[in-house]
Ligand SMILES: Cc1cc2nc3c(=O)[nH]c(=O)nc-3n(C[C@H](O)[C@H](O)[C@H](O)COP(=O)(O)OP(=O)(O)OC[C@H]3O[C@@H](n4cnc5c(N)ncnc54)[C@H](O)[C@@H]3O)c2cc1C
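The data below hold one chain only, encoded as structure tokens and taken in the form predicted on its own.
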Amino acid sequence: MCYGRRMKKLAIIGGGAAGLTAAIAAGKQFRESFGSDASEYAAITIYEAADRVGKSILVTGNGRCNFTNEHLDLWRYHNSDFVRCVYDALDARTYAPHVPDGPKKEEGFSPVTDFFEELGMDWWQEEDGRRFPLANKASVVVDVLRAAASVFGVKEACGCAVKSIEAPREEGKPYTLRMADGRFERADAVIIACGGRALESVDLSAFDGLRILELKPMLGPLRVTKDYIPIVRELDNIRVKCNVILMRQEDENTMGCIGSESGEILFRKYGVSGICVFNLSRIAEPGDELNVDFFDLGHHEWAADVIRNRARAAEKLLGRTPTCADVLRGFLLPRVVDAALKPIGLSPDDLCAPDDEEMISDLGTRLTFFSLKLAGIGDSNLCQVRRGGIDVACVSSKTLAVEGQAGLYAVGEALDVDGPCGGYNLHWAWSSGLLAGQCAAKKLIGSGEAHD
């Protein structure tokens, strides 16, 4: 087979999780089509504004990189129907159940885990399904990705911020990438893999019909209203295992539950943080209330039973009527007890006799419904993702190609997709990168000047 001389160029905007994966997937596809001389026929370049690729991966999972989760609940994604279709499309391209010698999907595996195993990365799994590299370091993930990209001849153009992408002037002509420093590059296909605030700096106005939705920070801490600042300030840097329930006003007299999470929360001077708070931040709005259930029992009467039993045990141990502090000692930190009781006029020094039903009921209610009024997202710099970006209605769920724009693709956080903590967002980044990288490469191979 003889191929035409003009080299096809694939440009990937953004060198994060989705961008690196897309580059590797495209490089592998070119290698399968052109053999070991693929670099003579196709060039792949990652344009990254930072001084190196993969920096965003290094901070994921507290530096350990929770790269996926065996138990992904797809409905928990924003735009979950679109995500499901993308994952199905990737599965169909990765596995061939009706081909005798084709690759089969094994239980517990996915295109993502297969991809990383192929790159040589071992991993381990926690009981809840979260998966981490065996070395427990995010740097290992970046290392295997960069090594694989290098094998396929991917060029890293770091310190290159793309200012705008211009559509081809006529069919068959390349895209133009305008850099922030005034330079420009041409590419036959472009994969937009920059997410969050980086997407805001790229001008995509040349593409009619491509809707860009407002970017909003998600998966971050929540800020309380000023009336509640004194309460959380007293608890700054204290961590508590509990259940948190997000409440919203349904009518004049009713608050309804719109979400709940169990886990550890971290009190901050401005509000609350922690994974369970991060997850609720995806649906929280100013004016909502966050109820902290320190007992994680779900009902104040059950909490009252626990308090009554603790009061009896304390009375027997001390040989006197216990105080609230006595009853709750060993369960909650003294600062938490003080902060929880003060707003309802109780003190840790108030007596709590086992037969004082009113006091026990008050304690049970307060420690089940420790309510904080929310003002919105806290420090947006601590948010892990941004919701918004390219409207998924403008993108094919089978290829991730932008509708009406041959050779233009969008992946990862550039799209209006986000999920909760626990490997969801990285799994989306890898998966969308794999699908778009394969499809972009095949598009270029199909449009190449090739003949037998």
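The numbering used is simple: start at 1 and walk along the sequence shown. Predicted, not measured: the structure shown is a model, and the values here were computed from it.
Another form, the form predicted together with the ligand, is not on view; read the next lines as being about it.
- Taking the partner from elsewhere, residue 393 is found to have every heavy atom lying beyond 4.5 Å of the ligand in the model of the complex.
- Within this chain, residue 33 is remote from the site of the ligand in the model of the complex, having no heavy atom within 4.5 Å.
- Using a 4.5 Å cutoff between non-hydrogen atoms, residue 437 does not count as a contact of the ligand in the model of the complex.
- Contact annotation: residue 18 falls within 4.5 Å of the ligand in the model of the complex, judged by heavy atom distances.
- Here the chain stands by itself, but in the model of the complex one stretch of 313-321, 238-246, 153-161, 342-350, 153-161, has heavy atoms within 4.5 Å of the ligand.
- Residue in contact with the ligand in the model of the complex (any heavy atom within 4.5 Å), chosen from 335, 197, 169, 183: 197.
- Proximity to the ligand in the model of the complex, defined as a heavy atom within 4.5 Å, holds among 377, 297, 202, 232 only for 202.
- Of the residues in 40-63, those that come within 4.5 Å of the ligand in the model of the complex through at least one heavy atom are, in sequence order, 47, 48, 49, 50, 56, 59, 60, 61.
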